[in-house]
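Read the single chain below, which is given as structure tokens and is the form predicted on its own.
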């Protein structure tokens, strides 16, 4: 999958977009990641990453309906493309193979 390799943060953002499914917009992605990673996220970093993922054609964006809650502004919603799905599945496969290949004595406390 040349050209679709993911950096760690790109992988996290892509997974979060998949997790949020039909409600994945930048603020929601930032809040979800901040909660799960237990650290604050920069909205600018999330925006740049989502734009980069769209340039790689791993996500698509579209505008949702305008809401009074947002002062009549519309949310830009993101969804994974087929290539995006393949990229996260490939990242998972590689991680699983690496974990499976770790010798039993590699970690003093054992593999959890």
Partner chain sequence: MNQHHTSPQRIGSANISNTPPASSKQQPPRWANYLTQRITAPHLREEIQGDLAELFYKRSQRHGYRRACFFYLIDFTLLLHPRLWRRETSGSFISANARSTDFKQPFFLSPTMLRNYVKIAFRNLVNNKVYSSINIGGLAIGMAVAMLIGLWIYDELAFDTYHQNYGRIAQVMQHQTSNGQIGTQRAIPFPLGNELKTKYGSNFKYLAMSSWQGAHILTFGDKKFSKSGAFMDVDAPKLFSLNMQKGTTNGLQDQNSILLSESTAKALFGDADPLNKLLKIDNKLDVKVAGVYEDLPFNSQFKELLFIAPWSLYVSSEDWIKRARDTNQWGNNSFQLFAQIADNTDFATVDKHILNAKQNNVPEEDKKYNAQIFLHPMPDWHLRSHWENGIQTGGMIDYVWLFGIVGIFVLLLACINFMNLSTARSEKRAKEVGIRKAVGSIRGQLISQFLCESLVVVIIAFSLALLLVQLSLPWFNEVASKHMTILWSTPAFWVLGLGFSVLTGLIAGSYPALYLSSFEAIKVLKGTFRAGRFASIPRQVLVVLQFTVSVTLIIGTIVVYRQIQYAKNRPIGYSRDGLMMIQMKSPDFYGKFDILRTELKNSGAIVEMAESSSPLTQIWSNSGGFTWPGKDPDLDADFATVWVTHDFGKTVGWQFKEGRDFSRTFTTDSSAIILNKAAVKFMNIKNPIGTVVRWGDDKTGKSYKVIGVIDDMLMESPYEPIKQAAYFMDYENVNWIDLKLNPNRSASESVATVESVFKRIVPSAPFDYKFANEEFAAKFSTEERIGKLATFFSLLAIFISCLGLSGLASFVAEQRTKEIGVRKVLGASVLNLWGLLSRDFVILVSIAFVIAIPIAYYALDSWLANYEYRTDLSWWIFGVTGLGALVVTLLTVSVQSIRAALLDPVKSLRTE
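This structure is a prediction, so every number in the text was calculated from the model and none was measured. Positions refer to the first chain, counted from 1.
Separately, the form predicted together with its partner chain exists; it is not shown, and the next lines address it.
Colleague: Counting only non-hydrogen atoms and a 4.5 angstroms cut-off, does residue 85 reach its partner chain in the predicted bound form?
Modeller: No, residue 85 stays farther than 4.5 Å from its partner chain in the predicted bound form.
Colleague: May I ask you to state whether residue 42 is within 4.5 Å of its partner chain in the predicted bound form, using heavy atom distances?
Modeller: Residue 42 belongs to the contact set for its partner chain.
Colleague: Is it the case that residue 51, even though its partner is missing from this view, gets within 4.5 Å of its partner chain in the predicted bound form, heavy atoms only?
Modeller: Heavy-atom contact with its partner chain at 4.5 Å: present for residue 51.
Colleague: Residue 30: heavy atom within 4.5 Å of its partner chain in the predicted bound form?
Modeller: Answer yes; at least one heavy atom of residue 30 falls within 4.5 Å of its partner chain in the predicted bound form.
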